[in-house]
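So this first bit is one chain, no partners, the form predicted on its own, shown in structure tokens.
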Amino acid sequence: MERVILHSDCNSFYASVECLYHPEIRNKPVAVGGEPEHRHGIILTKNGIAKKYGVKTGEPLWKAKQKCPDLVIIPPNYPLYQRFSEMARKIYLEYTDKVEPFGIDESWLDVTGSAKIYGDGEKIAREINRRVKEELGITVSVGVSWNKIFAKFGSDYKKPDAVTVITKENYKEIIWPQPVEDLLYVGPATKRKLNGIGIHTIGELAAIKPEYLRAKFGKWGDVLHDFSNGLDITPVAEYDSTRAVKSIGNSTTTIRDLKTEEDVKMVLFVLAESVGRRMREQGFKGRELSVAVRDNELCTIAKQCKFEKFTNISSEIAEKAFWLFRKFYSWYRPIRSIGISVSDFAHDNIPTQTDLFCDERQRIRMERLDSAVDVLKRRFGNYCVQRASLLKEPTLTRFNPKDENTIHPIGYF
């Protein structure tokens, strides 16, 4: 039985919710970003009017203002967006229990088993599109296909407030002529590599033999081949609001571009303390570390490595992240934002295998120190205890990723 997968994407989500709550700005160019004086605020999202002025997601506020002097910039209200996200998912859950969030404003739905009750995929998509508009006051674009990748492509294909059906009869006509970077997870670096070997469209990518792509991209080559040919069989996970956490991470756009290793080290310690604290609160230790860097031209690079032992010690996370960063980043451009995440979790009472080359007593002392600092921060606030190294430039390091919701995005895999 062929699967019926929907991907629902709330259009200009943050900006749409703000316009709903502030009707006086509905007919103006609107963007949601941070405070202009603190560059935690690049443009996070913008409405259709701002888009016509060329305002782009991810660009600095001052640059957006140059393009559109009348741009209304609203600081983000994450609790409000989270509430709308949950209300949208409640609508989705009336059609299937297989609802898999992809960030706060997007979800996949597997409605294969719902056709006898609610009709085919397109009918369900149009009903969801209508209900979200009528019940929540915002719009969604919905893609319908037999796999998650093409359903996601469909929701991006027509915006806003649209339904696009990608079938086995029309996907070559609709998807294959599109630029290769329109395919999920083909970022700037992969696009450059593909363009460098003469691949510019999704159809050209689909026509390449997997052996060649594997030789060029390793295991990722097989993924590119499957994605471009509609062969992805990744299931839509059942929705569980308390589902098992796969990774914990934080990222931040810094108040100024990072230009030295010392800058990066300070910011990594702030992020690592937040990640470590969140892991300890949930009783996790992790074995895998990811570091993602975005330069000032918005090109992103991410790398992973393994810890020698399961850990949730903040200093170990920070030092490993800095080691990994130094290993892969070549400083060809200053850094706009940086993030870290830890995954491959085990319970924090997991026994530790000691060895001759590790001072396990010192690690236990570090764990106790972190726990004591956690208690102090809960009681007296995040800034009651800080590392001396972070006081060298307080304007750069005085941010609180744990409480400011600068959460690392959820990945597809």
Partner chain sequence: MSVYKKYVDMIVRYYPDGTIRPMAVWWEEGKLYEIDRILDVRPAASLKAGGAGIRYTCRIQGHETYIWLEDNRWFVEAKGKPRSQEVS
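Residue numbers count along the first chain shown, from 1. The structure displayed is predicted, hence computed values, not measured ones.
If you look for the form predicted together with its partner chain, you will not find it shown, but the lines that follow are about it.
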Inset, instruction - Find the only residue in Ala215, Ile197, Met87, Ala115 having a heavy atom within 4.5 Å of its partner chain in the predicted complex. - result: Met87
Legend entry - Contact residue in the predicted complex, chosen from Arg26, Lys67, Lys52, Arg368 - any heavy atom within 4.5 Å of its partner chain: Arg26
Legend entry - Any non-hydrogen atom of Arg326 within 4.5 angstroms of its partner chain in the predicted complex: no
Legend entry - 4.5 Å heavy atom contact, Leu136 and its partner chain in the predicted complex: yes
Inset, instruction - Please run the contact check for Leu20 against its partner chain in the predicted complex: heavy atoms, 4.5 angstroms, yes or no? - result: yes
Legend entry - Interface membership of Lys303, its partner chain in the predicted complex, 4.5 Å heavy atom rule: no
Inset, instruction - Spot the stretch among 284-292, 271-279, 77-85, 171-179 with residues whose non-hydrogen atoms come within 4.5 Å of its partner chain in the predicted complex. - result: 77-85
Legend entry - Residues in 270-291 with any heavy atom within 4.5 Å of its partner chain in the predicted complex: none
